[in-house]
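The chain below stands alone and is given as structure tokens, in the form predicted on its own.
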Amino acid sequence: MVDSKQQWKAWLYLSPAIILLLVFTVWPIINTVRLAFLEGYNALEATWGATYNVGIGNFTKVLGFREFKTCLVNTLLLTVLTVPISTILALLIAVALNSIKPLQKFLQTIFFLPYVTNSIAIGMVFAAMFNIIGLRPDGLNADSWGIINNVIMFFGGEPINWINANSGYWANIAVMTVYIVWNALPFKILILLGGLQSINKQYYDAAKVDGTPRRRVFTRITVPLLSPMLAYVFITGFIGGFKEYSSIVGIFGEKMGPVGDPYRLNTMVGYIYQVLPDTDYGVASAAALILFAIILLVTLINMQVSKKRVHY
């Protein structure tokens, strides 16, 4: 406890961080809410003293946007597909890593490398893996089918047009699902592995003495005791899923879709960036608040469900 006479020193030391937080976090949030309710807001006109009506016109414009449904569906679909898959895979990998003593630190480093790698660069690598070079108009011949299609053809399968022009929507979604899951694994593995190493070993010793099968140990000991970490990665995974943007840009470019079908995979965050160059700051702010409301609702539902499933 800091002496009341010396508290000014504590505030002095904290002041740089507090000032930065107020300028770059608190004020942008307040300003976003303000702009969302200013109809027809234009930053250039506002500098010359223009005034604007307060209302919900920006929200109506966002909800009436013809591609809003596409953005919302893409966001929900990618989130629902990637979060459960990445969480389950991360749990299995973390359990496997926890049981491996030799080279454990080395393997942890390898699995964590994607987390510290630029997502755009990773997306470009994935795009090169799924890309088809010199695809003919008939869709049956190409100069190069790409790494993934070569593997598929090696095992006797037919090549798939994953991300090129005239590619199918579900092929695009499959590529994005693979990439997002792979990119989300490192953080989740790190959290779950830390949780596993904090579990009291007496539980496992008792199960070993009783001759409990490994599957039952996993479902009755590991998962319940790891439930707080699972709830955490699940909730943060949903939050990250609803903010998906850079991964799609990394694979499809700023048009967020294959050639000939731009913005096919546009998301809520993508829509916000899409309207910003047109100086529609009010519309972008309204879209940001709608996204915030969706994330808040899903987070509250997850927290309510986790109260009955999480064991502390």
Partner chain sequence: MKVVLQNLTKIFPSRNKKSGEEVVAVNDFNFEIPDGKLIGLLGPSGCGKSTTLYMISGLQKPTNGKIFFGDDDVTELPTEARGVGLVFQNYALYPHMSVKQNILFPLQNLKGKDKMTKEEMLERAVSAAKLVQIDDLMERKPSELSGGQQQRVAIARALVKMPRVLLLDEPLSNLDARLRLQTREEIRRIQKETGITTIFVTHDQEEAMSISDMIVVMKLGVVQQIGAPQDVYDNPVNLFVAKFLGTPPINVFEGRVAGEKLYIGEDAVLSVPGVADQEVYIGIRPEGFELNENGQLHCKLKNVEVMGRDVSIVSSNDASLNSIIRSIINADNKVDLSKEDITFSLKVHKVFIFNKENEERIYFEVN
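Residue numbers count along the first chain shown, from 1. Values in this document were obtained by computation on a predicted structure and should not be read as measured data.
Below, we refer to the form predicted together with its partner chain, which is not included among the displayed structures.
Engineer: Considering non-hydrogen atoms and a 4.5 Å limit, does its partner chain approach Ile152 in the predicted bound form?
Structural biologist: No, Ile152 stays farther than 4.5 Å from its partner chain in the predicted bound form.
Engineer: I'd like to know if Pro102 sits close to its partner chain in the predicted bound form, meaning any non-hydrogen atom pair within 4.5 angstroms.
Structural biologist: Pro102 lies outside the contact set for its partner chain.
Engineer: Tell me, yes or no, whether Tyr203 is in contact with its partner chain in the predicted bound form, where a contact means a heavy atom of each within 4.5 Å.
Structural biologist: Within the cut-off, so yes.
Engineer: Just checking whether Gly156 would be counted as a contact of its partner chain in the predicted bound form - the rule being heavy atoms within 4.5 angstroms.
Structural biologist: The answer is no: Gly156 has no heavy atom within 4.5 Å of its partner chain.
Engineer: Ok, Ile93, Ile160, Leu76, Leu225: which has a heavy atom sitting within 4.5 Å of its partner chain in the predicted bound form?
Structural biologist: Checking each option against its partner chain in the predicted bound form, the one that comes within 4.5 Å is Leu225.
Engineer: Which pick from Leu81, Ala231, Ala207, Ala142 sits with a heavy atom within 4.5 Å of its partner chain in the predicted bound form?
Structural biologist: Selected option: Ala207.
Engineer: For the chain seen here without its partner, which of 181-189, 168-176, 214-222, 111-119 has a heavy atom within 4.5 Å of its partner chain in the predicted bound form?
Structural biologist: Every other range fails; the passing one is 214-222.
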